[in-house]
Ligand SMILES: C[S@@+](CC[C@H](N)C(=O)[O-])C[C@H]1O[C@@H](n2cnc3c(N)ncnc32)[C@H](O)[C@@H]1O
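This document starts with one chain, in the form predicted on its own, laid out as structure tokens.
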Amino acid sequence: MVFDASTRRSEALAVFRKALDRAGVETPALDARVLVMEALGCDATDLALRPEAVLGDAGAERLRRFLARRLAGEPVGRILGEREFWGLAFELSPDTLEPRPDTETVVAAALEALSATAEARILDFGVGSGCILVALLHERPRAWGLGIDRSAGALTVAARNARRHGVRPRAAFAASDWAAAVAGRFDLIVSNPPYIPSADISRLAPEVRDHDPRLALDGGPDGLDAFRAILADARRLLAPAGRLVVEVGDGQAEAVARLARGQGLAVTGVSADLAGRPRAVALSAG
């Protein structure tokens, strides 16, 4: 069925969902509802109360484009241009990784190490959209943060997200190859670094492989290159009682712990994500 101006909302929603279901999309009903609401500029209540309302020319055109993009494997967040993380909406761009629920494990672990009242200094390596740093600053109003990234485009987006959520006065952003241009001491260092082994990237889901920046995915031959770089400078950058929390890929927690111990760091905890997989490793300078 081709959407046109006279198509009713209920019909459009059903067709959209069925097309996604046939294409093997994991959450066809949810994706259809979110994209239909965005295309029509309505919320869930309006959609439910006015199912017989027609799309109109503009709505039909947007729905056709959204459906084509989703069927081509583009994630919903990329189509919308933003993704929710830690209850906050984050702007995305081709330069940024799309935030995922697993990474909230890093935020939760970091908050445990960060006093609610302290004037803490936070360093985020590979800041991307800014989701981790902004979430932490949002939860800790007396903290100050520095976001580091190799991508100028990502830094621009991170700064906009910090401004959007009212933490920009307490956030700075700078380009650096990991810690090369970073000095000083920090109470908390966080990172969701690239950790996919290079040879595995071609086997990732199209939503990830074709839309997330490779710079944010490729962790080198064994997936651990970024961890080596971060851990090598951790003792120099951590305050005496500081903590480091990093996100790790499946099966990497023990390997990262070994690398950390080799740099004189102590493992203080490993947190699991919602699927029960080790996802965040917390470290200290001992």
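Note that residue numbering begins at 1 and tracks the sequence as displayed. These numbers come from a predicted model, not from an experiment.
Below: the form predicted together with the ligand, not depicted.
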Practice problem: Name the stretch: of 161-169, 72-80, 208-216, 137-145, exactly one has residues whose heavy atoms fall within 4.5 Å of the ligand in the predicted complex. | Solution: 208-216
Quiz item: Which of these residues, 176, 156, 115, 93, gets a heavy atom within 4.5 Å of the ligand in the predicted complex?
Solution: 176
Practice problem: May I ask you to choose, among 88, 120, 182, 97, the residue with a heavy atom within 4.5 Å of the ligand in the predicted complex? | Solution: 97
Quiz item: Would residue 103 sit within 4.5 Å of the ligand in the predicted complex, counting heavy atoms only?
Solution: yes
Quiz item: Taking heavy atoms only, is residue 197 within 4.5 angstroms of the ligand in the predicted complex?
Solution: no
Quiz prompt | Contact test, all of 131, 150 and 193, partner the ligand in the predicted complex, heavy atom 4.5 Å | solution = yes
